[in-house]
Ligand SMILES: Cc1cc2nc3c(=O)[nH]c(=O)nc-3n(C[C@H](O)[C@H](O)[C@H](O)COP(=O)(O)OP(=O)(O)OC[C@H]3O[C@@H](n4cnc5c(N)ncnc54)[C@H](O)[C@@H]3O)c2cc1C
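Okay, so here's just one chain, in structure tokens, the form predicted alone.
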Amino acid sequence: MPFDDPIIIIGAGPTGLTAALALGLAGLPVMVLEAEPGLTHDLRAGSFHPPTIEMLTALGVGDAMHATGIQVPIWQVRDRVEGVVAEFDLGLIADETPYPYRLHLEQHRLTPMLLDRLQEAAPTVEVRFNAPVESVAIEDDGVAVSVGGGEPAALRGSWVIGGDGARSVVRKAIGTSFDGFTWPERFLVASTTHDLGQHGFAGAGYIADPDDWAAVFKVPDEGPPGLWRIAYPTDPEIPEAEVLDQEAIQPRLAKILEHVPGKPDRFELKYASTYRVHQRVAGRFFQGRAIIAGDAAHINNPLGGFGLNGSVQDAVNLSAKLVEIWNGADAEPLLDLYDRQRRPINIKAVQAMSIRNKKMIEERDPEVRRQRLAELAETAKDPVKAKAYLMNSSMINSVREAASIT
């Protein structure tokens, strides 16, 4: 059946812009509404797994991503005192994907690439900034979207996709739950220009310790050697300005990297930011003409790099189904399939793996921690076990499993 109104996408982050690009390349009319005056500068997510790279390459942004991003074929797990415990080489999955590495590219570098591609190849897509959505009403034959801000408007859409984050207006319109929990600590991300590669760090790694655990990974900068981002927990009772003070960050970095030979006495910091971390999944991903994806549908801790990847994978999966619906397919079965492919996989794979990763690196019982790290070291040394582990951690298995659900 033909539709008179465009598909409205709320949010111009990676989820919304990926969905807009996939729909626009298929010739569908799309309107993207973003509350901010321009693309946001989010400093959190920045690691793309092989299946996500494949999807974004198919949409025409792979070359731009590779021109700026850093390929990371090896990642490590370290004990804070003992050093490297396990090292995983994604070359073991080279027969499973054309991209056997993580591609490090912060999401604030990806979104301009998506927007450029939209402007170049998707003339049926309109992106509006300064367009905060105040409400969404689901109707039998479409959706009504109320936009506030400087230019209020009442818009009609054939469908609405909520790519509008954890406080999603669309999820609220659907009326579904967002069950889960919030981790007690606040995460701080400090970015240093000091090259940790000279101290034996791979481009991605995790440092295990009951109190001073951290995630360490390299991202692009204006020039070599790039930036090294160190994410670690902070006490939420301490005022944010205090934990962000250089004189508070420096001793924490010194403690986290205490046993790294040759580390500097002081790190040159480029920026630092804090954020709270949640583990939540919506009770359902659609209702009538309203659908949610990305952080609007599920959020998780960053250890493993699953959140941004899962969001892009949602957008690609959903867009393919909306193209079929636009061209005459029955909507209900296809959207039900989207829910069944994306929601259980998120709970089973993304939530479980990210929680497991955090518990592993922050384990307080020394014997339990020793045993878990020893098991991980044994896995990394066995090519068969290591490949099986990488097929899960790279999200190849979860994407394939979702695709097998019919």
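All of these numbers come straight from a predicted model, not from anything done at the bench. Position 1 is the first residue in the sequence shown; the rest follow in order.
What follows is about the form predicted in complex with this ligand, which we do not show.
Contact annotation: of the candidates Ala380, Ala35, Met55, Ile70, the single residue with a non-hydrogen atom within 4.5 angstroms of this ligand in the model of the complex is Ala35. The partner is absent here, but in the model of the complex a heavy atom of Ala131, alone among Leu90, Ala131, Ile291, Leu114, sits within 4.5 Å of this ligand. By the 4.5 Å heavy atom rule, the three marked residues Pro6, Gly24 and Ala121 all fail to count as contacting this ligand in the model of the complex. In plain terms, the part of the chain that comes close to this ligand in the model of the complex, with a heavy atom within 4.5 Å, is 164-172 out of 197-205, 96-104, 331-339, 164-172.
The shortest heavy atom separation between Thr40 and this ligand in the model of the complex is within 4.5 Å. Under a 4.5 angstroms non-hydrogen atom cutoff, this ligand in the model of the complex lacks Trp75 among its neighbouring residues. None of the heavy atoms of Met65 is located within 4.5 Å of this ligand in the model of the complex. The closest non-hydrogen atom of Phe286 lies beyond 4.5 Å of this ligand in the model of the complex. In the model of the complex, this ligand lies within 4.5 angstroms of a heavy atom of only one residue of 263-279, namely Tyr275.
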